[in-house]
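The chain below stands alone and is given as structure tokens, in the form predicted on its own.
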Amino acid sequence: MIERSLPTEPKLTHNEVIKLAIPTLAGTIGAVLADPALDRFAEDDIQFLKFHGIYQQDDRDRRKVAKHYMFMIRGRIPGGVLSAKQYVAFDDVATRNANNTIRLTSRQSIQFHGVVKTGLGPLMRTINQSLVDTLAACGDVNRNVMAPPAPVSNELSLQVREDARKVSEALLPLTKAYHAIWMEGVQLNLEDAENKDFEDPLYGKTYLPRKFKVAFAIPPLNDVDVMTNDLGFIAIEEGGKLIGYNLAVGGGLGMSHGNAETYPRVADVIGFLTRDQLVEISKAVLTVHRDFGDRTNRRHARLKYVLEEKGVAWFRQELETRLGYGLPLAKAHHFTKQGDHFGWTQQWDGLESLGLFVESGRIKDVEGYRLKSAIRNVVEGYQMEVRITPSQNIILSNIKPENRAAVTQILAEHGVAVEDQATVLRRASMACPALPTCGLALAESERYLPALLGRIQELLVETELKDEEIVIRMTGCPNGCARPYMAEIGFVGKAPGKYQLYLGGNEASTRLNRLYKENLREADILNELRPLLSRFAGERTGAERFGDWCSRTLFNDSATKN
């Protein structure tokens, strides 16, 4: 007789097990912080730290000698907006507790690198005292909510940023561990009945299967790459008024090399909602991810896979069941481009804004170009608002017109120009931090892309495309933090000195590019691009962009503008 085993339930990931065991997310973080003999946290605490906005890392340049442990801390800054006082506080901790640089992220936040364990407490207290926090900047929860940073010709942008802050607050986890550890400096008692039985009213005991990302966009500018988010709100304007949003769901870019179950995906537009429905619908979409996301495989745990595998019709029905009402059809909208404006701009209210290019998002001082000191001086001196862009640049806003000349002069004295700040090629580029800080990096990105762009610029001159804008993005691994899968040219780290080459994204950042070369060595990048750029120069139709030409000719797409 053949014995047949009964099917077993899929095994939960270890992250699910520890979240259920300690739903406050406290771990033993407070106890380890108080122990001067320890320079690092154990594995379970490393996972809990992420919910507090902290990653434990080590300096990979020094691994041959010994592991030098350090931490990356990321702020939660809805819409990327900081007051002058808040920015100065961030600049202070970058100098005192980190590596004296400010890293702007692709989600409108700020990261600090190179923080040692003894610097964690002071850094976190300073940030929180400035009325900013790091709670849920990482972890299996909603991350930093993005919103358009650029001023527009009316109050619509202010309303959208207000809505982004509202959603950010509504989706925050409510654990008191964050305040206990970082404000009170104590270890939360894990044996206390209240802590053992804690259940977040929105997230439950085990939170989400993986991260969740939200963004707001105002057409025709798609400066937040809204279609790459789990949840996107596309502003609909009628008669100069914000009447509501189109709802986009199921975007996401992370994938794993060699794993066909993982892939980038653009969101589906589900329907239309009014502003008063924002919080309710945000929570409903998040709970679909909470209840149907894959908790047995973290590489397959994003909301995009639920949409792809169960279908848009299923998702819409599930969402409307949770809401108790149906959604009207989406209204017409159209994106034409992405990216930032550089230089001086007059705001709708008569004040001025200044867009500054920040190469690879790293604000630092180097000889002849003291960007960190320059921004600190003008922000502190003229009390302007600071806005971080999703393309890792910075906008200084609400500047009085009479102060424009003085601000320009101070920047110039630090080697920072406000006109012709960089080539169009550099201004359209993005890179993730990668080596030496990120433990996931397989190849260089931030340290390598600037030099590569210089060589590609020379190649554009050679092919008579000197002033051509091409969106180029690079990441050190396939997680896609700099959104390379939406770029006209995307480089994704595969191994030391090797990249995947993706081609064919569009200017509006609404179309995924495609894999063109699986293993491309650094030494072969220019030779690979040269014939493509030469063909493009000779075959383009009118003002056709490189990404559209690639889509049309290399991949035979008939609708290259989609």
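The structure displayed is predicted, hence computed values, not measured ones. Sequential numbering from 1, following the sequence displayed.
This next part talks about the form predicted in complex with a small molecule, which is not shown.
**Student:** Please state whether every one of the three residues S168, L171 and R275 places a non-hydrogen atom within 4.5 angstroms of the small molecule in the predicted bound form.
**Tutor:** Negative, none of the three is within 4.5 Å.
**Student:** So, L440 and the small molecule: in the predicted bound form, are they within 4.5 Å at any heavy atom pair?
**Tutor:** Yes - in the predicted bound form, heavy atoms of L440 and the small molecule come within 4.5 Å of each other.
**Student:** Could you confirm whether C432 comes within 4.5 Å of the small molecule in the predicted bound form, counting heavy atoms only?
**Tutor:** Residue-level check for C432: yes, a contact with the small molecule.
**Student:** Answer with yes or no whether Q57 is in contact with the small molecule in the predicted bound form, where contact means some heavy atom within 4.5 Å.
**Tutor:** Output for Q57 is yes: heavy atoms within 4.5 Å of the small molecule.
**Student:** Against the small molecule in the predicted bound form, would P148 count as a contact residue? Criterion: heavy atoms within 4.5 Å.
**Tutor:** Because no heavy atom of P148 falls inside 4.5 Å of the small molecule in the predicted bound form, the answer is no.
**Student:** Considering the small molecule in the predicted bound form, find the one stretch among 398 to 406, 98 to 106, 349 to 357, 126 to 134 with heavy atoms no farther than 4.5 Å from it.
**Tutor:** Single hit among the candidates: 98 to 106.
**Student:** Could you check which residue among H113, R161, H341, K117 gets a heavy atom within 4.5 Å of the small molecule in the predicted bound form?
**Tutor:** Looking at H113, R161, H341, K117 one by one, just H113 meets the 4.5 Å heavy-atom criterion.
**Student:** Between the options S282, Q392, T175, N222, which residue brings a heavy atom to within 4.5 Å of the small molecule in the predicted bound form?
**Tutor:** Comparing distances to the small molecule in the predicted bound form, the residue within 4.5 Å is Q392.
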